[in-house]
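Two versions of one and the same chain are coming, encoded as structure tokens; call them structure 1 and structure 2.
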Structure 1
Amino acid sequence: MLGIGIIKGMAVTAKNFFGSFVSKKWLPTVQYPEAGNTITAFSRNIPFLVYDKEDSPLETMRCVACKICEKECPPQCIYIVQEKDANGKLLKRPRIFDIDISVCMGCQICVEMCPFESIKMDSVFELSSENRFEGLLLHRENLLKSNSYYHQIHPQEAQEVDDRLAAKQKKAAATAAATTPSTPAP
């Protein structure tokens, strides 16, 4: 029959219309500020810096200020200055680690480049600020988050990273053990 396609289409929209009153499947909208939002394990937003021990973030942070991420960052939103001790000797740790999240495009290249598994993607999204210059420039203190937080937001990925780091340590220990006998024994 001519025009049956129109009637079929109208039936589809009617199904969507009435379905939206009965089923979550037909109305997936979340009333965000009132109802909150659910973050999936796969959500990625801006990077953060990982540290291992809860009580000493600065001492156990994984970042060694190698500046690879700063160089790789396509929009160049990362700024790193290496820390020096009292004698002027360079320490393996950043003194300044800034990310301008108004520039960051969340491409995750820094995460992929980092050889020390120290920078990872966060899933926070409520990042608005009253000051669009200072408020959106995140410093080292804002960016540092513990490994347990990482486990909390991306459990599977964090476990893989932990396993990888453990394997690396084991390997390093093994090579260290292999090299130790060559040194002259006392």
Structure 2
Amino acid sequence: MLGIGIIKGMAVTAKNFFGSFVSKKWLPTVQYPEAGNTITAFSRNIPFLVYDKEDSPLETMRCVACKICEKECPPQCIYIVQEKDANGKLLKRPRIFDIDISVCMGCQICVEMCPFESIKMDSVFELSSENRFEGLLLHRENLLKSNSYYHQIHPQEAQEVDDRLAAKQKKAAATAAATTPSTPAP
């Protein structure tokens, strides 16, 4: 029958409208901020960088500045510059890691493409700023968050990532031990 979808939609609207007079549970609108937290376990808003040790975030950050996320980002909102030492040799960490969240569409492609499990999606959504240009450009220091923070917001996913990384390190250690020649005892 033609128009059955419109009739079903209007029935749902009418049910919520008349039900809202009887009980608050029929109200589809969340009265934020009075009603409390609206973040669910599935909320994913903006990316952040993960580091492992609380006392040294820059040294233990998982990002190695491979720039895969920068290349794969559809709106091109990620900007990375690799750090160099005093001799000009490239180090395996970013000196600059910026994300323009005014352009970021939260697609999570950067998270999916990262081979080092260093970039994840945060649940934070209150990002208002008086400065619409610099306030919406997040730098490396603003993006760094600890692995324990990641465990707080997405515990099951974080544990799976930690297990994968531990298995990778164990396999690499076993391979390194197998390829290292043993010295004979005199």
Partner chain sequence: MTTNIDQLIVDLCKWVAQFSDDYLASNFPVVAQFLHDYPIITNLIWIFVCIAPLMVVFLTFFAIATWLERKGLARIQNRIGPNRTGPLGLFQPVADGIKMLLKEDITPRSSDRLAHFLAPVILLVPAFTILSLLPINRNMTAAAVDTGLILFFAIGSVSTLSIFLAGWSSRNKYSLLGGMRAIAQMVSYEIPLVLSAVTVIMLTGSLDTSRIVSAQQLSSWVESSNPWLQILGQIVKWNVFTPYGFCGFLIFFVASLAEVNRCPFDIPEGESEIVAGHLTEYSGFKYALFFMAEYVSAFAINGLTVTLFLGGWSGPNIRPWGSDDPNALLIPGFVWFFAKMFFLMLIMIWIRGTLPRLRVDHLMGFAWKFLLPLALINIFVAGFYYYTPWYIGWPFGFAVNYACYELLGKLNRPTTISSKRTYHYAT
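Between two forms, the rigid core is defined as the largest C-alpha subset superposing within 1.5 Å. Here the structure is a predicted model, which is why all the values come from computation and not from measurement. Residue numbering: sequential along structure 1, first residue numbered 1.
*Asks:* Given structures 1 and 2, which represents the form predicted on its own?
*Replies:* Between the two, the form predicted on its own is shown as structure 2, not structure 1.
*Asks:* On a core-based superposition, does residue 164 travel 2 Å or more at its Cα between structure 1 and structure 2?
*Replies:* The answer is no, as the C-alpha of residue 164 shifts between structure 1 and structure 2 by less than 2 Å after core alignment.
*Asks:* Once you lay the two forms on top of each other by their rigid core, how far has the C-alpha of residue 10 moved between structure 1 and structure 2, in Å?
*Replies:* After core superposition, the C-alpha of residue 10 moves 11.9 Å between structure 1 and structure 2.
*Asks:* In Å, how large is the C-alpha displacement of residue 22 between structure 1 and structure 2 after the rigid core is aligned?
*Replies:* Between its two positions, the C-alpha of residue 22 lies 6.5 Å apart after core fitting.
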